[in-house]
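In the form predicted alone, a lone chain appears below as structure tokens.
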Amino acid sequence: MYTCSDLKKGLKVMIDGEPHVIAQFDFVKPGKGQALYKCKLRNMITGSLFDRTYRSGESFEPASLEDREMQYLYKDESGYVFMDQKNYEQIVLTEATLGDDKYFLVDNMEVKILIFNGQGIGITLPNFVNLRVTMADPWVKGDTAAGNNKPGEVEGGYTLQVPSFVEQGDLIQIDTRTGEYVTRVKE
């Protein structure tokens, strides 16, 4: 069990039977009375954000979450299918659960799936992924000004800003945390 003194940003606790993560945390000690712990909590299943204030002495149950290494297999009508490498168990995540992370999935990619009560509720991708550019405007002579970017689309349908020298068919590296172009990859 956690107490109020254990609360900090990023801590995962159970509230009303669902896992929540502390998104923001403030400790307030008024002149009189008990200390207050003001928290902004995010529901890890629905993604909703709300505020709660706790007094010292309250306790919290740790969230029973499991991080499992899994491999991305394919997408079908039920969702995105991942397989545990140890016991070959498969888990399906919906498009809503993945959010923008769906654009960065590559066949056979190793990812971490966050599991609550046998259900996948989140994903952690590798920090960088290499994807091929499927659509980019051609380079125009004279487009050499610093910071001159153009929109480019990569396999999977994600659109981002790329430098003017990047062309259709190039392999580029993307930071999955920000969704930004990092570098062109030599083949």
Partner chain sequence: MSPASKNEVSAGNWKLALKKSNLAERARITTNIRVFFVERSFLEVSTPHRIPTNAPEIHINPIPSGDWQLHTSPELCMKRLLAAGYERLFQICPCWRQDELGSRHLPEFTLLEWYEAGADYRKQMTDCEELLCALVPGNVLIYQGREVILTRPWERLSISDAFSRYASISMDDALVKDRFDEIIALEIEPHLGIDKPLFLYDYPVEKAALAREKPGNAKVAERFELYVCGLELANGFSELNDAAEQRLRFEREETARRRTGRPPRPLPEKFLAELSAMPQAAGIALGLDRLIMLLTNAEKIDEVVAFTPEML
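For clarity, every value in this text was computed on a predicted model and none was experimentally measured. Positions refer to the first chain, counted from 1.
Below, we turn to the form predicted together with its partner chain, even though it does not appear here.
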Examine residue 53 and determine whether its closest non-hydrogen atom to its partner chain in the predicted bound form is within 4.5 angstroms.
yes
May I ask you to check whether residue 26 falls inside a 4.5 Å heavy atom distance of its partner chain in the predicted bound form?
yes
Under a 4.5 Å heavy atom criterion, is residue 163 part of the interface with its partner chain in the predicted bound form?
yes
Indicate whether residue 38 is a 4.5 Å heavy atom neighbour of its partner chain in the predicted bound form.
yes
Check each of 136, 63, 44, 131 and return the one that places a heavy atom within 4.5 angstroms of its partner chain in the predicted bound form.
131
Listed residue (119, 124, 34, 159) with a non-hydrogen atom within 4.5 angstroms of its partner chain in the predicted bound form
34
Suppose contact means any heavy atom within 4.5 Å; which members of 62-101 contact its partner chain in the predicted bound form?
none
